[in-house]
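Given next, in structure tokens, is a single chain: the form predicted on its own.
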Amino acid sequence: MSAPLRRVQQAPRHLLVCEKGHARHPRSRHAAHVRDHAYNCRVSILIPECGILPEVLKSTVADFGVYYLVKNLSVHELVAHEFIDSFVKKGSCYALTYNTKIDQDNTAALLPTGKLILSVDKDTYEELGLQGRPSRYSGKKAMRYIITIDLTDSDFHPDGKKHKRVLWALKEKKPLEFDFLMAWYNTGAEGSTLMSYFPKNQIRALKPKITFSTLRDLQCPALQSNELEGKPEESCSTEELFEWLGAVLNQVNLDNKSSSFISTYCCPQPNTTVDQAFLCTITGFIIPDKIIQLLEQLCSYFSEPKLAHWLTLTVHGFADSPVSWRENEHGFHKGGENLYNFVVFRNLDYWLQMAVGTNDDCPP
């Protein structure tokens, strides 16, 4: 068998990192992990032994905020000091290019830390003339480059050489224009808002789409919070749970009937069948601050006795985002996977599962 054919038949590399903790432990890192994953397109909640949206979650789910689609926005407007002073320095500002492909197109992202990330092809990089580095995933002969601009740097002020150089490159030398998804989070929001900052014919406010469903007679893996690797005939492992959850969220039939030509997958052993399970899916441009609020409310769900032994919160990142966690470069390869999942137990122990595809660093 030829080497190229062997490579085609091989499954792409993927990474799954798992850790456990307690949601109320003072050193728990669950909120930090959520905050480090800036760009999220889908959140799914699965609660066994539950048929409707629990009361404790209603206000949080209903108030998931708004995000914005800004059309034909020049990147140089993001480095303007009026924008930096109004949004970057007064809250958490998120921006991500819309309908761009990370392995084909120029893309941009503004992190809540104030870092502007540009992922550009070789020609654009050379035209801009800004300092950057070759992409880790463009092969031996670099065809893509990553440029990082810190908008909060003390040297990046209106009269400084650095700001003038960046502004000239993005405005005069090689203007870049995209449609952007944007959001701004500020607990004491005062003054300007994104909606009032941009012209009305350029910006549109959007709300996340929320769907509810009830799954009947669902087979669920038996889990023990202190056994990540599972125990034979007692509990399933974290990897088995992750695979099962993927099947459930994608509505794969778990009956394993011999007549099925689609899937022969079935729930891992040991398992139990629950009469019903509640599934809530939220899609849109979802910022970490809202996910942290939702996770806290899910922990509060167990403040009163419940039939469920555990519940899950699954978060998918954008496949074409230039970063996954923190400033870690993200590539598409064959799927662009970057996601994480919390399994929260009755006693508020949790498992955190973080998964990425081939063109990604190991999650933190």
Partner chain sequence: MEGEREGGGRGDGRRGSGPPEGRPPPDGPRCAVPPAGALYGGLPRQAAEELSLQPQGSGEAKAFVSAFLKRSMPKMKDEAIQDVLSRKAVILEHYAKKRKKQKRKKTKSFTAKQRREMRLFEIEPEQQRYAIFLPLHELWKQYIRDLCYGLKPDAQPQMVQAKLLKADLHGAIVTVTKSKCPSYVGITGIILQEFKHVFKIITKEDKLKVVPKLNNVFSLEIDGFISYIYGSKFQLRAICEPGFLAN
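Since this is a predicted model, take the numbers as computed values, not measurements. Numbering follows the first chain given and starts at 1.
Beyond what is shown, the protein has a form predicted in complex with its partner chain; the following relates to that form.
In the model of the complex, its partner chain lies within 4.5 Å of some heavy atom of Gly129. Its partner chain in the model of the complex comes within 4.5 Å of no heavy atom belonging to Tyr185. Using a 4.5 Å cutoff between non-hydrogen atoms, Trp168 counts as a contact of its partner chain in the model of the complex.
Remark: Lys89 does not count among the residues lining its partner chain in the model of the complex, judged by a heavy atom distance of 4.5 Å or less. This chain lacks the partner; the member of Phe285, Tyr125, Phe180, Tyr94 within 4.5 angstroms of its partner chain in the model of the complex by a non-hydrogen atom is Tyr125. This chain lacks the partner; the member of Lys173, Lys71, Lys209, Arg136 within 4.5 angstroms of its partner chain in the model of the complex by a non-hydrogen atom is Lys173. None of 96 to 104, 160 to 168, 288 to 296, 196 to 204 except one has non-hydrogen atoms within 4.5 angstroms of its partner chain in the model of the complex; the exception is 160 to 168.
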